[in-house]
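This document opens with one chain alone, in structure tokens, the form predicted on its own.
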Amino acid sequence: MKIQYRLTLIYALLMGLLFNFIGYELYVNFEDYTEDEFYQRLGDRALTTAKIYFEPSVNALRRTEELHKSFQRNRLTDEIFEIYNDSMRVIYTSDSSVSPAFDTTIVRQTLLLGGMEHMAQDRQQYGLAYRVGAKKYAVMVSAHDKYGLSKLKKLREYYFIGMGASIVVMLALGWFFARQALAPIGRIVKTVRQINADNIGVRLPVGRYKDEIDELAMAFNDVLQELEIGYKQRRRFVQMASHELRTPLTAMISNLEVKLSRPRSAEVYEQTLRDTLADAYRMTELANGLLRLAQIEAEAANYNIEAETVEELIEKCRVHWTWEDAENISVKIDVSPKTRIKVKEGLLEIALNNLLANACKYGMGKPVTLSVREVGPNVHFDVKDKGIGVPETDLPCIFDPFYRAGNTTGIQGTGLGLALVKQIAVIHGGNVLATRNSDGVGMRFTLVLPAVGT
């Protein structure tokens, strides 16, 4: 059964029980009120009867006539009056054909207790003990509450009709409110069915109320965001790997096929092996770069975060300055000793060392400067060289994977170093910029990172 139908039934059941309880309590209270009100009327008539009958008068016949006149003015349905003395003998009755009309037990209890209320079938009986001098009399009144019972009957009819109508109304309202409440889930289901490998950028609709369903949609959107990133990373990795590895493999295969097409000298075979080994080294370098790029993308959230000072970061970088011309690097630090940077487990070392290694490789043996300075809430790491630089036309694409400037022909490289630097900078909430030096010679790469304290 759908949630909408279950909610409808539960809502109708609970509201039906509530209305049934309220209606039942109202009926019972009205029934008690009707009964008590009729007993009160009987008590008033019993007291009136006693006063008229026992008040001093010279004519007993006159008293009887006054009683009959009083009964006729306010007569109740099937009303009977009787007066008993303390010997349980009837001394007055309004209807001799049914006298005695009251059970002697009821009369005796009236005399003993001073009063009595009793229900006999559909008649209500009321007894009043009335004292005249030393004698005590029981004034008994009995009647049928025709109008009260008629009201109760009509009330019962209204009660059952109202219950039936309320159940129908509650079912309709429950269905309406359940449908309205679950409408966002229906929209979510409809949207989820549209998500596939070719349409992974779809996001679930989020309402303006920010309720539990909206929170679920937002959480699901976060998961979809992660899945989209992972899917794009995998697709980009496959595309880059297939594109970049195809070239050296093709070169190796072509070279080997040509050399094996006819017998060659030992020197030619030796040179072929050297060329193949060089291509294998380049493939290894490409594969390692691709794997490192993919690994950083996939595990960016899992790296341990530590706060380090600039001096600590530079010292960790120095350990890996083993490439050619690394002795040409000079370091200038102009930041407060208290300034710290959040570092993700060695990633910033990789970024800085990639920038410095490129500066040394393309600097043609000339000095390389690493300057560190504070600019507002950020720390800038400026790497300057006096090398061949990057043409203006190539600057917009210099951080794209596998992109190499047009003036780097003949210099070994994979085009992944700067792409890796860019990715690491973004992971740390920073950026990397590339500009030509003001004198037009060489390049300046600036790694911008947010500081966490000064």
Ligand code: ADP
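Throughout, we count residues from 1 along the sequence that is shown. Quantities reported herein were computed from a predicted structural model and do not represent experimental measurements.
What follows is about the form predicted in complex with the named molecule, which we do not show.
Within this chain, residue 388 lines the site of the named molecule in the predicted bound form, having a heavy atom no more than 4.5 Å away. The closest non-hydrogen atom of residue 369 lies beyond 4.5 Å of the named molecule in the predicted bound form. When contacts are judged by a 4.5 Å heavy atom cut-off, residue 418 counts as touching the named molecule in the predicted bound form.
Put simply, residue 422 is far from the named molecule in the predicted bound form: not one heavy atom of it is within 4.5 Å. Only one of 423-431, 35-43, 22-30, 397-405 places residue heavy atoms within 4.5 angstroms of the named molecule in the predicted bound form, namely 397-405.
With the partner omitted from this view, the residue of 358, 339, 93, 378 that lies near the named molecule in the predicted bound form is 358 [heavy atom within 4.5 Å]. When you look in the predicted bound form, the only residue of 126, 102, 362, 137 with a non-hydrogen atom within 4.5 Å of the named molecule is 362.
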